[in-house]
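The chain below stands alone and is given as structure tokens, in the form predicted on its own.
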Amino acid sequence: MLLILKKTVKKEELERLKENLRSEGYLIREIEGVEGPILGIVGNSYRETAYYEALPGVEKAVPVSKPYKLVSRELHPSPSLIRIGDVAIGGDRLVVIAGPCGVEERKRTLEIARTVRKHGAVLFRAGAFKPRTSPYAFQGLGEEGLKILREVREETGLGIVTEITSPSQADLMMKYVDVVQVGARNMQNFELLKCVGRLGKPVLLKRGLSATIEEWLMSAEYVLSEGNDRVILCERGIRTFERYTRNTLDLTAVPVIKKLTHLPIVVDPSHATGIREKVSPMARAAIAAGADGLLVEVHTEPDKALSDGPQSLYPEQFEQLMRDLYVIAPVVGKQLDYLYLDKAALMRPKENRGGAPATVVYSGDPGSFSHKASLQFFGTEVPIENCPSFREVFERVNAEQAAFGIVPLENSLTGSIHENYDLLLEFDLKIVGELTLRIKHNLLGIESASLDTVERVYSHPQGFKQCREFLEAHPEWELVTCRDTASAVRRVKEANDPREAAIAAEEAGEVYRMSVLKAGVETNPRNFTRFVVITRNGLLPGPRNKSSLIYSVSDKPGALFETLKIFAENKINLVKLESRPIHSRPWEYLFYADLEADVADGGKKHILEELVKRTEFFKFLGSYQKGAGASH
């Protein structure tokens, strides 16, 4: 039942209402409605709607139509983010869970863990208890296997996912495990579901062999009804008449789940196909369908595996899959972060290296593309704050009021953001990271608006440029510039006028509860913006295979060529060269250069020395890891 509260309800009245409902045995969820607060209530029995509408502070009572209540979008409109230590499932960063089917022995398990950690996995999955079709098959090592998994966590930092097969194992799960998996054969073991609900640990709930989506969600409801809302759904294929694969992977479940429930969903292509060569194609397809992550079986010697060897990837196959996902993820608005765990460790307050608070700053309002880039690069656990301008981002980082800032440098359709190049010249800050974000623009308006009602459109100037063809089809519209796309949405929301609309990201529309009047209005779908991370003293972990420079040369023939010859002679690829006027010296120019090499590396220092000799002005902006879309 949804209780829509009166706009005039006071805090004290709301608390009394919740206390009365709890005394009647209801579970309560508070929902932030568009017009005001809403209470979602779940209980074993319900009265007529008139009873609830008579309660103090209640405007209207609306029954929830779904048989599953707590997992539905009706009671929880926003997607849930399930946190396991430093890892968050359900956000903009893909989560890959990898490992062998079962814990076989210590040395091999640790070897596999190191391998998957190296290539970007953030959680380790292996079974200590193995429910098998045959009573004579390998059943797992039990507690001895859990002790090995604990050692994996201690050495690699990977959180542990393993299966519970009986309520009698609950104490062991509490002692050793980070995520409790309920397997396909136990999806409707209701006593086990109640047990893991009471444990309070995150639960990975696999879909049953022949279960419908509604039955699957009802199983999740059992866990949530025990007070544990940290559930991750896992599609692992269903049993059909097809025999060319072990199961039939139902990828349609991914968008369906995204529509019906707030819970995140991961896909297990290993159990779905049962055939090693089919795992990577289905994994790529799962991410394209919108999955929040993957569960992939990996083994260093699959032919010797005690269970599920034919579906386990070799390490080199897993590495290639992760490279593919690294490229695919930005297209669907996500990122695969090889340094996920390393960044998280660095940004913890006690491990912050620069003296500044472990805070990230960006320009714009929540929901802007810069905000999205910050979340994708640093995750949700890091304090992220917005600034009114690019200059303030630089000023706060320079004054060590923030550890890092993130700013856009160039767009694939409209070119460079020159203001930020000039600020890089002005401030003594270094580039330490890079991210490529796909920019998908939408025309957003209030619920009663439509394309026919629009007369005025708000956006950032870059947004207008990137949507030029769409806007040229509507020359009658007045275009009003804003400091960023999210603030444009906020202005439309505050005006509450169907004649006004904004061009912005879908995320900004979700923040302000706006409707999408037209999706994908950018001129070219291959619309990407390159963001860089700036810092004063901080460092980021990982390889550095790209460098940025600023320099000027003397006004004589061949001066620029002499600098470019240095790159050619050292076999360094120059990926960007752009001139910018020197503000105080008319008709003289600086050159901004991006190179595919770490020229600050000890073995390449002679390159910097040569450049300094052949330039009039030289500034090294930093070395860092190339962003997604480039080869890893």
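Computed from a prediction, not measured in an experiment: that's the story for all the values here. Throughout, we count residues from 1 along the sequence that is shown.
Here the subject shifts to the form predicted together with a small molecule, a form of this protein not shown in this document.
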{"property": "Interface segment, criterion being heavy atoms within 4.5 Å of the small molecule in the predicted complex, picked from 460-468, 256-264, 224-232, 183-191", "result": "183-191"}
{"property": "Residue among H271, K343, H76, K546 with a heavy atom within 4.5 Å of the small molecule in the predicted complex", "result": "H271"}
{"property": "Selected contact from I406, C101, L149, A220, since only one has a non-hydrogen atom within 4.5 angstroms of the small molecule in the predicted complex", "result": "C101"}
{"property": "Contact label in the predicted complex: E297 to the small molecule, heavy atom within 4.5 Å", "result": "yes"}
{"property": "4.5 angstroms heavy atom contact with the small molecule in the predicted complex for R236", "result": "yes"}
{"property": "4.5 angstroms heavy atom contact with the small molecule in the predicted complex for R125", "result": "yes"}
{"property": "Distance check, D337 to the small molecule in the predicted complex, heavy atom within 4.5 Å", "result": "no"}
